[in-house]
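Next up: a single chain in structure tokens, the form predicted alone.
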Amino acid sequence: MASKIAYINARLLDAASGLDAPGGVLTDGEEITDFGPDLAKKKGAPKGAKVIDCEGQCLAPGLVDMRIEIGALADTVHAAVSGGVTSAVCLPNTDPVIDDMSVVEFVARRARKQGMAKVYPYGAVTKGLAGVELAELGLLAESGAVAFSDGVLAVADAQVMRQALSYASTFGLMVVQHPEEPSLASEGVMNAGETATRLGLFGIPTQAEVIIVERDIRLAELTGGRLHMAHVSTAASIEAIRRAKARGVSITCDTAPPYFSLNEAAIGDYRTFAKLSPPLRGEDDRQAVVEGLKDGTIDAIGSDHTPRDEESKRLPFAQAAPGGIGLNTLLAVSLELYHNGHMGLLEVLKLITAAPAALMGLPAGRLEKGAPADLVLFDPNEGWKVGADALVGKAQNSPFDGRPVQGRVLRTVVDGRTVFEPDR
């Protein structure tokens, strides 16, 4: 492979700097060495460089996904690059749990060997994700954990959460909370309300989310710790976070594509691919998530990629496992915010590049000289229909199965190497 590669005739998009202009990118080995309008044409490429004509399509930093679960690692990183994701942060609910420095190092080393998307680990907040005793946060941070979370479990004990926020703040790292009060959610399988009643399913009230959000806002004020709320899905939670930010609390939050693009009607007649955690909400909540993204209350979008095997989804709705895959569709579904006129293209891209990279302290998500040569080339307008059985990866549990979308990944580059091109 040529050491130098010139990507010419592109529409350069960099949300971190506000760049949206014709141009190109020059990479040398694993780094970006130049970019800008001078590289728009072939004559701007240095002698000996391999030239890739982007044919006017969008060239941006590779996507950064701040919340994924790992099934099979090889499967996960292949799914990631098929969706333009070059950096991802994995939850600690692996086997074994990422509550020990050796596991942090093992996950990072295994991911590097794949040579695909880069995977950074969350460290567990509590040992064994049991919610009782703090993990060795300091050692986890030294070993490479980029933030702390108990994954799909809430840190339910207020005193434990207080200690975690206080301790994590000494390393400048975030505690990421799954905001769901366990005793209110334990028996629920979908959003509480008329639809749940009609289907005869036990519901999870929206209050289960906002109770944890409001409690932990107070704990963040008490400790001065960095608090992050994952996949917020309700109007009440978003409003609580909006008010907390206004008074200077160190709080951020993200959401996932299902919560701004789907509502509980997607469950239809017990469609288990639409069983998620948190559950799909009502239309008012979905619209509140869109508004939270538009006004900046919600800081980032994460895919919430949760691969499940067929057996765990081919069950009655109440018994089926929650979760949906999302790496493959992160870009296309996020672009609905642009195509529907809610946000500009750079504003959407920021939520899946520069913003999550900044939250996690990752060397990713922006075009700059010396940065890793992690890129995604995409057509923002090409339409296609999500077919779960046609997506890259063994898991097929996409909540967007059958949905028409716009936005196709044409090439994914990691450390200067093309690692994905679709069959055309």
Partner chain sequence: MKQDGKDIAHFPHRHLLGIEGLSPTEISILLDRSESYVDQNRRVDKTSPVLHGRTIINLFFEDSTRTRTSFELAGKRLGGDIINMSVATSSVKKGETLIDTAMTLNAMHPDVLVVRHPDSGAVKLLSEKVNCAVINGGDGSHEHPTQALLDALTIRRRRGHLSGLQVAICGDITHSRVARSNIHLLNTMGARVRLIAPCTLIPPGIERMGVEVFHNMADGMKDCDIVMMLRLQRERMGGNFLPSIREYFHFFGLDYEKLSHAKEDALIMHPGPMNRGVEIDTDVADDVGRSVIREQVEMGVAVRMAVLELLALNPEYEGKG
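Computed from a predicted model, the values in this text were never measured in an experiment. Residue numbers count along the first chain shown, from 1.
Beyond what is shown, the protein has a form predicted together with its partner chain; the following relates to that form.
Only one segment in the set 294-302, 92-100, 164-172, 187-195 has residues whose heavy atoms sit within 4.5 Å of its partner chain in the predicted bound form; it is 187-195. Here is the short version: of 132, 315, 158, 265, the single residue with a heavy atom within 4.5 Å of its partner chain in the predicted bound form is 315. None of 199, 73, 154, 146 but one reaches within 4.5 angstroms of its partner chain in the predicted bound form through a heavy atom, and that residue is 199. Using a 4.5 angstroms limit between non-hydrogen atoms, residue 319 touches its partner chain in the predicted bound form.
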